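Shown here is one chain on its own, the form predicted on its own, set out as C-alpha coordinates.
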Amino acid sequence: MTVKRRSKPVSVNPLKIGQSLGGVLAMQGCYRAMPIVHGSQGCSAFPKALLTRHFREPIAVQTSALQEMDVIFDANRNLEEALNAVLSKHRPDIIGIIGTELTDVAGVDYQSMLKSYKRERNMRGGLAFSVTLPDFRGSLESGFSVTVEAMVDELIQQAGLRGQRNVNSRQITLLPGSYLTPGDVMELKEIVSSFGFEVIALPDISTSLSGHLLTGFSPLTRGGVPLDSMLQSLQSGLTIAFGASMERPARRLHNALGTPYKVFQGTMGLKASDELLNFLHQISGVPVPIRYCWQRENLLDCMLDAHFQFAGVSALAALEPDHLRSVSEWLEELGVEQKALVASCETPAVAEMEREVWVGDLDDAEVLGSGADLWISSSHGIAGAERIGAAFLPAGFPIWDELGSYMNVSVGYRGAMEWTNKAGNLLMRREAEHRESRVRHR
(Lines give C-alpha, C1' and ligand atoms only; values in the text may rest on other atoms or scores of the structure.)
Protein backbone atom coordinates (compact mmCIF):
# COMPACT_ATOMS: atom_id res chain seq x y z
CA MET A 1 0.00 0.00 0.00
CA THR A 2 1.30 3.50 -0.79
CA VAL A 3 2.44 5.97 1.84
CA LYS A 4 0.70 9.35 1.64
CA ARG A 5 1.29 12.85 2.98
CA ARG A 6 -1.09 15.78 3.39
CA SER A 7 0.06 18.94 1.65
CA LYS A 8 0.49 21.77 4.16
CA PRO A 9 3.22 24.33 4.86
CA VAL A 10 3.72 23.64 8.55
CA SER A 11 3.60 20.81 11.09
CA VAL A 12 0.81 21.16 13.65
CA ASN A 13 1.11 19.27 16.94
CA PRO A 14 4.14 17.25 15.77
CA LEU A 15 4.23 13.49 16.11
CA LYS A 16 7.87 13.11 15.17
CA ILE A 17 10.53 13.14 17.89
CA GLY A 18 14.16 13.89 17.00
CA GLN A 19 16.75 11.20 16.38
CA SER A 20 19.03 12.45 19.15
CA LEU A 21 16.46 11.46 21.77
CA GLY A 22 16.48 7.91 20.35
CA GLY A 23 20.26 7.86 20.68
CA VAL A 24 20.11 8.99 24.31
CA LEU A 25 17.42 6.39 25.02
CA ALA A 26 19.59 3.58 23.59
CA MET A 27 22.48 4.63 25.84
CA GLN A 28 20.27 4.38 28.94
CA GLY A 29 20.19 0.61 28.39
CA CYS A 30 23.96 0.28 28.96
CA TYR A 31 25.56 0.10 32.41
CA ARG A 32 27.80 3.02 33.51
CA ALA A 33 27.29 4.82 30.22
CA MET A 34 27.31 8.51 29.37
CA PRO A 35 25.87 9.96 26.16
CA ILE A 36 27.40 13.30 25.15
CA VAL A 37 25.16 15.35 22.85
CA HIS A 38 27.45 17.35 20.57
CA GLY A 39 25.33 20.45 20.06
CA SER A 40 23.76 23.33 21.93
CA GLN A 41 22.51 22.99 25.48
CA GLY A 42 18.93 22.75 24.24
CA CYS A 43 19.82 19.66 22.19
CA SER A 44 20.46 17.76 25.44
CA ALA A 45 17.87 19.51 27.61
CA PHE A 46 15.02 18.40 25.34
CA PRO A 47 15.78 14.63 25.49
CA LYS A 48 16.53 14.80 29.20
CA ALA A 49 13.26 16.58 30.01
CA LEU A 50 11.07 14.26 27.92
CA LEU A 51 12.77 11.06 29.08
CA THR A 52 12.61 12.10 32.74
CA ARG A 53 8.94 12.98 32.41
CA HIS A 54 8.14 9.65 30.73
CA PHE A 55 10.19 7.25 32.87
CA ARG A 56 10.19 9.34 36.09
CA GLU A 57 13.83 8.36 36.54
CA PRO A 58 17.09 10.38 36.41
CA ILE A 59 18.54 10.39 32.88
CA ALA A 60 22.29 10.39 32.22
CA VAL A 61 23.31 12.86 29.51
CA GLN A 62 25.99 15.51 28.99
CA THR A 63 26.47 18.19 26.35
CA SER A 64 29.30 19.97 24.58
CA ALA A 65 27.24 23.20 24.98
CA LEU A 66 28.02 24.72 21.59
CA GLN A 67 27.27 28.35 20.85
CA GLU A 68 27.44 30.28 17.58
CA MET A 69 31.12 31.23 17.79
CA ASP A 70 32.12 27.70 18.81
CA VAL A 71 30.56 26.27 15.65
CA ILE A 72 32.30 28.85 13.47
CA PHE A 73 35.81 28.48 14.90
CA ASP A 74 36.28 25.06 16.53
CA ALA A 75 33.33 22.99 17.70
CA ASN A 76 35.58 20.07 18.56
CA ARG A 77 37.31 22.08 21.26
CA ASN A 78 34.09 22.01 23.27
CA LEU A 79 33.75 18.28 22.67
CA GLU A 80 37.30 17.67 23.89
CA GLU A 81 36.59 19.66 27.05
CA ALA A 82 33.40 17.67 27.61
CA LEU A 83 35.27 14.38 27.15
CA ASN A 84 38.01 15.47 29.56
CA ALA A 85 35.45 16.45 32.18
CA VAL A 86 33.43 13.24 31.87
CA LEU A 87 36.47 10.94 31.93
CA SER A 88 38.18 12.70 34.83
CA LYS A 89 35.08 13.07 37.03
CA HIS A 90 32.89 10.07 36.24
CA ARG A 91 35.05 7.48 34.41
CA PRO A 92 32.23 5.81 32.45
CA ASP A 93 32.62 2.40 30.83
CA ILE A 94 30.79 3.53 27.69
CA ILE A 95 30.74 6.94 25.98
CA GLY A 96 28.50 7.71 23.03
CA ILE A 97 28.97 11.01 21.19
CA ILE A 98 25.69 11.98 19.54
CA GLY A 99 26.06 14.50 16.75
CA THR A 100 23.12 16.82 16.14
CA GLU A 101 21.84 18.82 13.17
CA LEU A 102 24.02 21.73 14.33
CA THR A 103 27.29 19.84 13.90
CA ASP A 104 26.04 17.98 10.83
CA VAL A 105 25.14 21.14 8.90
CA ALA A 106 28.37 22.83 9.99
CA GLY A 107 30.38 19.85 8.71
CA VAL A 108 32.16 19.21 12.01
CA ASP A 109 34.43 16.14 11.75
CA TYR A 110 34.11 14.85 15.29
CA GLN A 111 34.50 11.21 14.18
CA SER A 112 38.16 11.81 13.29
CA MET A 113 38.60 13.91 16.41
CA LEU A 114 37.36 11.00 18.56
CA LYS A 115 39.77 8.56 16.89
CA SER A 116 42.69 10.92 17.54
CA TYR A 117 41.55 11.50 21.11
CA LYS A 118 41.42 7.76 21.82
CA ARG A 119 44.83 7.20 20.24
CA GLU A 120 46.56 10.07 22.04
CA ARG A 121 45.20 9.10 25.46
CA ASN A 122 45.57 5.36 24.89
CA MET A 123 41.95 4.74 25.86
CA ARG A 124 41.55 1.03 26.63
CA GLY A 125 39.09 -0.99 28.63
CA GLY A 126 36.12 1.18 27.70
CA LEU A 127 33.88 1.77 24.73
CA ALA A 128 33.71 5.10 22.91
CA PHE A 129 31.88 5.70 19.64
CA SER A 130 30.20 8.49 17.71
CA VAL A 131 27.01 8.70 15.69
CA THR A 132 25.38 11.42 13.56
CA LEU A 133 21.68 11.99 14.34
CA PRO A 134 20.31 15.22 12.81
CA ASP A 135 16.67 15.96 13.61
CA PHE A 136 15.75 16.78 9.99
CA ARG A 137 16.03 13.08 9.10
CA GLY A 138 14.34 10.03 10.60
CA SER A 139 12.79 9.99 14.05
CA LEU A 140 13.27 8.53 17.53
CA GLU A 141 13.13 5.02 16.05
CA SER A 142 15.93 5.54 13.52
CA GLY A 143 18.08 7.37 16.08
CA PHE A 144 17.79 4.41 18.43
CA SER A 145 18.62 1.89 15.69
CA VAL A 146 21.61 3.83 14.32
CA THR A 147 23.05 4.22 17.83
CA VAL A 148 22.77 0.48 18.51
CA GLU A 149 24.42 -0.23 15.15
CA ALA A 150 27.32 2.13 15.96
CA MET A 151 27.62 0.45 19.36
CA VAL A 152 27.81 -2.98 17.72
CA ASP A 153 30.46 -1.74 15.24
CA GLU A 154 32.66 -0.48 18.06
CA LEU A 155 32.22 -3.72 20.02
CA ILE A 156 33.34 -5.77 17.02
CA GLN A 157 36.38 -3.55 16.44
CA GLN A 158 37.37 -3.60 20.11
CA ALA A 159 37.04 -7.37 20.37
CA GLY A 160 39.04 -7.82 17.18
CA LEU A 161 36.69 -10.55 15.94
CA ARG A 162 36.25 -11.09 12.22
CA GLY A 163 34.40 -14.34 11.72
CA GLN A 164 36.54 -16.08 14.37
CA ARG A 165 34.76 -16.64 17.67
CA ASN A 166 33.72 -19.29 20.17
CA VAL A 167 30.04 -19.69 19.40
CA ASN A 168 27.71 -20.38 22.33
CA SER A 169 24.68 -22.04 20.71
CA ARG A 170 22.66 -21.70 23.92
CA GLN A 171 23.09 -17.94 24.06
CA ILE A 172 20.85 -15.49 22.19
CA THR A 173 21.30 -11.75 21.70
CA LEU A 174 18.07 -9.73 21.72
CA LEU A 175 17.87 -6.42 19.88
CA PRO A 176 14.67 -4.81 21.22
CA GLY A 177 13.18 -1.93 19.24
CA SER A 178 12.81 1.59 20.58
CA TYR A 179 9.03 1.26 21.04
CA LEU A 180 9.31 -1.58 23.56
CA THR A 181 8.90 -0.61 27.20
CA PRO A 182 11.14 -1.89 30.01
CA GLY A 183 8.24 -4.21 30.86
CA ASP A 184 8.20 -5.50 27.27
CA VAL A 185 11.95 -6.17 27.27
CA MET A 186 11.64 -7.98 30.60
CA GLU A 187 8.81 -10.14 29.21
CA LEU A 188 10.75 -11.00 26.04
CA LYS A 189 13.83 -11.97 28.05
CA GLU A 190 11.69 -14.22 30.22
CA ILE A 191 10.00 -15.86 27.21
CA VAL A 192 13.30 -16.63 25.45
CA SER A 193 15.07 -17.82 28.61
CA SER A 194 12.16 -20.19 29.38
CA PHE A 195 13.34 -22.29 26.42
CA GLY A 196 16.73 -22.84 28.06
CA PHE A 197 18.68 -20.01 26.44
CA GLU A 198 20.99 -17.47 28.03
CA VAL A 199 19.74 -14.05 26.99
CA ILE A 200 21.63 -10.77 26.53
CA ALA A 201 19.55 -7.76 25.50
CA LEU A 202 21.37 -4.93 23.74
CA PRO A 203 20.46 -2.38 24.95
CA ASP A 204 18.62 -3.51 28.08
CA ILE A 205 16.34 -0.80 29.49
CA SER A 206 14.47 -3.40 31.58
CA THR A 207 17.14 -3.15 34.29
CA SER A 208 17.79 0.59 34.06
CA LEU A 209 14.48 2.38 33.43
CA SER A 210 12.09 -0.10 35.04
CA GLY A 211 11.83 1.86 38.29
CA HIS A 212 13.94 0.76 41.23
CA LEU A 213 15.29 2.33 44.41
CA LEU A 214 19.07 2.70 44.65
CA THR A 215 21.04 4.47 47.35
CA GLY A 216 23.33 7.36 46.53
CA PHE A 217 23.62 9.26 43.27
CA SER A 218 25.53 8.60 40.08
CA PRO A 219 25.64 10.81 36.98
CA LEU A 220 26.09 7.64 34.91
CA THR A 221 23.41 5.19 33.89
CA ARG A 222 22.45 2.76 36.65
CA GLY A 223 21.39 -0.64 35.42
CA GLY A 224 21.42 -1.82 31.83
CA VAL A 225 23.73 -4.30 30.13
CA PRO A 226 27.38 -4.14 31.35
CA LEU A 227 30.25 -3.82 28.88
CA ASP A 228 31.47 -7.35 29.70
CA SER A 229 28.09 -8.78 28.75
CA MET A 230 28.04 -6.68 25.58
CA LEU A 231 31.35 -8.21 24.53
CA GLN A 232 30.08 -11.66 25.52
CA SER A 233 27.05 -11.15 23.24
CA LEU A 234 29.42 -11.37 20.25
CA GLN A 235 29.68 -15.11 20.99
CA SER A 236 25.91 -15.65 20.70
CA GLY A 237 24.69 -18.36 18.37
CA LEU A 238 21.69 -16.30 17.24
CA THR A 239 20.42 -12.73 17.15
CA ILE A 240 16.71 -11.96 17.46
CA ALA A 241 15.63 -8.45 16.46
CA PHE A 242 12.24 -7.04 17.41
CA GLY A 243 11.09 -4.39 14.99
CA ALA A 244 12.17 -3.90 11.37
CA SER A 245 14.37 -0.95 12.38
CA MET A 246 16.63 -3.31 14.35
CA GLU A 247 17.47 -5.45 11.32
CA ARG A 248 20.47 -3.28 10.44
CA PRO A 249 22.34 -3.95 13.72
CA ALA A 250 21.44 -7.64 13.39
CA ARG A 251 22.72 -7.70 9.82
CA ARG A 252 25.91 -5.97 10.96
CA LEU A 253 26.57 -8.82 13.39
CA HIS A 254 25.84 -11.32 10.64
CA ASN A 255 28.15 -9.69 8.10
CA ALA A 256 31.05 -9.29 10.54
CA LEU A 257 30.75 -12.46 12.61
CA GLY A 258 28.43 -14.75 10.67
CA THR A 259 25.82 -14.73 13.43
CA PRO A 260 22.44 -15.80 12.00
CA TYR A 261 19.52 -13.56 12.86
CA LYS A 262 15.74 -13.53 12.91
CA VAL A 263 13.58 -10.40 12.69
CA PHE A 264 10.11 -10.23 14.20
CA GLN A 265 8.41 -7.19 12.74
CA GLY A 266 5.33 -7.56 14.96
CA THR A 267 5.30 -8.27 18.67
CA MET A 268 1.64 -7.79 19.59
CA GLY A 269 -1.31 -10.11 19.29
CA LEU A 270 -2.07 -13.79 18.87
CA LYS A 271 -0.34 -14.38 15.52
CA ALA A 272 2.89 -12.59 16.46
CA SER A 273 3.10 -14.46 19.78
CA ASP A 274 2.43 -17.79 18.06
CA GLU A 275 5.23 -17.12 15.58
CA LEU A 276 7.73 -16.23 18.34
CA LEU A 277 6.98 -19.24 20.54
CA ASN A 278 6.88 -21.64 17.60
CA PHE A 279 10.27 -20.35 16.42
CA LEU A 280 11.80 -20.76 19.89
CA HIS A 281 10.33 -24.27 20.13
CA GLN A 282 11.85 -25.24 16.78
CA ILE A 283 15.38 -23.98 17.47
CA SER A 284 15.51 -25.26 21.07
CA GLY A 285 13.64 -28.55 20.81
CA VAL A 286 12.00 -27.66 24.12
CA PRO A 287 8.19 -27.88 24.39
CA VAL A 288 6.36 -24.59 24.87
CA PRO A 289 6.11 -24.04 28.66
CA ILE A 290 2.65 -24.76 30.03
CA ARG A 291 2.20 -21.22 31.36
CA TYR A 292 2.25 -19.85 27.80
CA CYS A 293 -0.30 -22.43 26.71
CA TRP A 294 -2.54 -21.15 29.50
CA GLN A 295 -1.84 -17.53 28.56
CA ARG A 296 -2.87 -18.31 24.99
CA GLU A 297 -6.17 -19.74 26.24
CA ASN A 298 -6.61 -16.67 28.44
CA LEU A 299 -6.07 -14.38 25.45
CA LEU A 300 -8.56 -16.25 23.27
CA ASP A 301 -11.17 -16.07 26.03
CA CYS A 302 -10.39 -12.37 26.53
CA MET A 303 -10.90 -11.67 22.81
CA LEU A 304 -14.19 -13.56 22.90
CA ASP A 305 -15.39 -11.64 25.97
CA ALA A 306 -14.45 -8.29 24.44
CA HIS A 307 -15.85 -8.80 20.93
CA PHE A 308 -19.07 -6.95 21.80
CA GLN A 309 -17.04 -3.86 22.74
CA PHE A 310 -14.98 -3.95 19.53
CA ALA A 311 -17.78 -4.80 17.08
CA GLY A 312 -18.34 -1.87 14.71
CA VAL A 313 -15.60 0.17 16.39
CA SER A 314 -13.09 2.28 14.44
CA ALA A 315 -9.66 3.38 15.62
CA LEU A 316 -6.80 5.62 14.62
CA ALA A 317 -3.16 5.14 15.60
CA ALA A 318 -0.35 7.69 15.40
CA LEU A 319 2.96 6.12 16.39
CA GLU A 320 6.55 5.37 15.39
CA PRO A 321 6.72 3.13 12.28
CA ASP A 322 7.56 -0.23 13.95
CA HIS A 323 5.07 0.40 16.73
CA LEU A 324 2.38 1.40 14.23
CA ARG A 325 2.80 -1.83 12.30
CA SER A 326 2.59 -3.92 15.46
CA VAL A 327 -0.52 -2.11 16.75
CA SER A 328 -2.17 -2.35 13.32
CA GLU A 329 -1.78 -6.14 13.33
CA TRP A 330 -3.32 -6.31 16.81
CA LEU A 331 -6.30 -4.18 15.73
CA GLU A 332 -6.73 -6.41 12.68
CA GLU A 333 -7.08 -9.47 14.92
CA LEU A 334 -9.78 -7.73 16.95
CA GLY A 335 -11.75 -6.83 13.82
CA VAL A 336 -11.46 -3.10 14.47
CA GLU A 337 -11.79 -0.74 11.50
CA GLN A 338 -8.55 1.20 11.12
CA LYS A 339 -9.77 4.66 10.19
CA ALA A 340 -6.32 6.26 10.03
CA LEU A 341 -2.74 5.09 10.50
CA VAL A 342 -0.22 7.91 10.88
CA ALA A 343 3.54 7.35 11.13
CA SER A 344 6.18 9.83 12.24
CA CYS A 345 8.37 9.10 9.20
CA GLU A 346 8.51 6.80 6.18
CA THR A 347 10.38 3.49 6.47
CA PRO A 348 10.45 0.30 4.37
CA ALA A 349 8.36 -1.45 7.05
CA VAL A 350 5.62 1.18 6.69
CA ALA A 351 5.73 1.01 2.89
CA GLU A 352 5.20 -2.77 3.05
CA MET A 353 2.05 -2.53 5.15
CA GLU A 354 -1.15 -3.67 3.47
CA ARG A 355 -3.15 -0.70 4.76
CA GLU A 356 -2.93 2.95 3.77
CA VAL A 357 -0.44 4.83 5.94
CA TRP A 358 -0.01 8.59 6.24
CA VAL A 359 3.24 10.28 7.26
CA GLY A 360 2.41 13.40 9.22
CA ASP A 361 1.55 14.85 12.60
CA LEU A 362 -1.22 14.64 15.17
CA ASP A 363 -3.22 17.32 13.35
CA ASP A 364 -3.32 14.94 10.37
CA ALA A 365 -4.47 12.16 12.70
CA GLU A 366 -7.28 14.37 13.97
CA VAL A 367 -8.47 15.22 10.45
CA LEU A 368 -8.11 11.77 8.94
CA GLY A 369 -9.49 9.96 11.98
CA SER A 370 -12.52 12.17 12.53
CA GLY A 371 -15.34 10.02 13.92
CA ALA A 372 -13.05 7.29 15.27
CA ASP A 373 -14.01 5.62 18.55
CA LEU A 374 -10.48 4.89 19.79
CA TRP A 375 -7.36 7.08 19.57
CA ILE A 376 -3.93 5.43 20.12
CA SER A 377 -0.91 7.71 20.46
CA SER A 378 1.43 9.40 22.92
CA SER A 379 0.16 11.89 25.49
CA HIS A 380 0.56 14.65 22.90
CA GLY A 381 -2.66 13.36 21.35
CA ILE A 382 -4.96 13.79 24.38
CA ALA A 383 -6.44 17.10 23.20
CA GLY A 384 -7.06 15.78 19.68
CA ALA A 385 -8.84 12.70 21.06
CA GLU A 386 -11.09 14.92 23.16
CA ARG A 387 -11.96 17.11 20.19
CA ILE A 388 -13.15 14.18 18.05
CA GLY A 389 -14.80 12.45 21.01
CA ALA A 390 -12.62 9.32 20.93
CA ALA A 391 -11.49 7.17 23.85
CA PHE A 392 -7.76 7.79 24.41
CA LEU A 393 -5.34 4.87 24.78
CA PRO A 394 -1.83 6.14 25.65
CA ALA A 395 0.97 4.37 23.78
CA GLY A 396 4.41 5.16 22.46
CA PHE A 397 6.51 8.07 23.71
CA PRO A 398 6.10 10.20 25.73
CA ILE A 399 3.36 9.28 28.20
CA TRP A 400 2.98 11.61 31.18
CA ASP A 401 -0.71 11.26 32.07
CA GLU A 402 -0.42 7.73 33.43
CA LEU A 403 1.70 6.30 36.24
CA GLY A 404 3.74 3.18 35.49
CA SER A 405 3.22 3.32 31.73
CA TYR A 406 6.88 2.39 31.21
CA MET A 407 6.14 -1.02 32.76
CA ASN A 408 3.12 -1.76 30.57
CA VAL A 409 3.45 -5.01 28.65
CA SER A 410 2.21 -5.36 25.07
CA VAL A 411 4.26 -8.35 23.86
CA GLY A 412 3.33 -12.00 24.10
CA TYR A 413 -0.07 -13.41 24.99
CA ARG A 414 -0.13 -11.59 28.32
CA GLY A 415 0.62 -8.23 26.71
CA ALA A 416 -2.07 -8.68 24.04
CA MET A 417 -4.58 -9.58 26.75
CA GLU A 418 -3.69 -6.50 28.82
CA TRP A 419 -4.07 -4.21 25.81
CA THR A 420 -7.34 -5.82 24.76
CA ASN A 421 -8.81 -5.40 28.23
CA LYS A 422 -7.53 -1.85 28.56
CA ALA A 423 -8.94 -0.76 25.19
CA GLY A 424 -12.23 -2.55 25.84
CA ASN A 425 -12.62 -0.86 29.22
CA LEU A 426 -11.97 2.57 27.66
CA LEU A 427 -14.65 1.93 25.03
CA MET A 428 -17.13 0.74 27.68
CA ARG A 429 -16.48 3.88 29.74
CA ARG A 430 -16.89 6.09 26.67
CA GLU A 431 -20.21 4.42 25.81
CA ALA A 432 -21.47 4.88 29.38
CA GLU A 433 -20.51 8.57 29.35
CA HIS A 434 -22.31 9.12 26.04
CA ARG A 435 -25.39 7.39 27.40
CA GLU A 436 -25.38 9.56 30.54
CA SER A 437 -24.94 12.75 28.52
CA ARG A 438 -27.95 11.87 26.34
CA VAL A 439 -30.09 11.28 29.43
CA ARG A 440 -29.04 14.62 30.96
CA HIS A 441 -29.91 16.55 27.79
CA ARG A 442 -33.43 15.16 27.43
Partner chain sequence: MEPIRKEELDDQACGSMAPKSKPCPRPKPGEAAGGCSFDGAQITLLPIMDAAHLVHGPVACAGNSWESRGSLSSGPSLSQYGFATDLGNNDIIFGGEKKLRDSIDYIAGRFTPPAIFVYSTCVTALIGEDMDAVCKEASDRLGIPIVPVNSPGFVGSKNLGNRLAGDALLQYVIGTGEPEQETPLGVNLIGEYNIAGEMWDIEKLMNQAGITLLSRITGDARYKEITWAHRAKANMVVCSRALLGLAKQMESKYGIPYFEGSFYGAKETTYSLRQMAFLLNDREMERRVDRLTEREENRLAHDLRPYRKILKGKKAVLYTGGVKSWSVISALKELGIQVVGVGTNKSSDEDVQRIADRVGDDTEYIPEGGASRIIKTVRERKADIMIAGGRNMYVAMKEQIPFVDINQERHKAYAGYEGLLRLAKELVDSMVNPIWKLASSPAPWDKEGSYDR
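Positions refer to the first chain, counted from 1. Treat the numbers as computed from the prediction; the structure is a model and nothing was measured.
Although not depicted, the form predicted together with its partner chain is the subject of the following passage.
Asks: Of these, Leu304, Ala106, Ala311, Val286, which has a heavy atom no more than 4.5 Å from its partner chain in the predicted bound form?
Replies: Among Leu304, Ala106, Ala311, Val286, a heavy atom within 4.5 Å of its partner chain in the predicted bound form occurs only for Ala106.
Asks: Looking at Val86, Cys345, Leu270, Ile156, which has any heavy atom no more than 4.5 Å from its partner chain in the predicted bound form?
Replies: Selected residue: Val86.
Asks: Do all of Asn13, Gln41 and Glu68 end up near its partner chain in the predicted bound form, with near meaning a heavy atom within 4.5 Å?
Replies: Yes: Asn13, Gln41 and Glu68 each sit within 4.5 Å of its partner chain in the predicted bound form.
Asks: If contact means a heavy atom within 4.5 Å, which one of 23-31, 407-415, 42-50, 388-396 is the stretch that engages its partner chain in the predicted bound form?
Replies: Among the candidates, contact is made by 42-50.
Asks: How about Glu198 - does it come within 4.5 Å of its partner chain in the predicted bound form, if we only consider non-hydrogen atoms?
Replies: Heavy-atom contact with its partner chain at 4.5 Å: absent for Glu198.
Asks: Does any heavy atom of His212 come within 4.5 Å of a heavy atom of its partner chain in the predicted bound form?
Replies: Yes - in the predicted bound form, heavy atoms of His212 and its partner chain come within 4.5 Å of each other.
Asks: Even though its partner chain is not shown here, does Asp363 get within 4.5 Å of it in the predicted bound form, heavy atoms only?
Replies: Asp363: contacts its partner chain in the predicted bound form.
Asks: Given that the partner is absent here, does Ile17 sit within 4.5 Å of its partner chain in the predicted bound form, heavy atoms only?
Replies: Taking the distances in the predicted bound form, the answer for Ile17 is yes, it comes within 4.5 Å of its partner chain.
Asks: Heavy atom within 4.5 Å of its partner chain in the predicted bound form: which residues of 369-383 qualify?
Replies: In sequence order, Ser379, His380 come within 4.5 Å of the partner.
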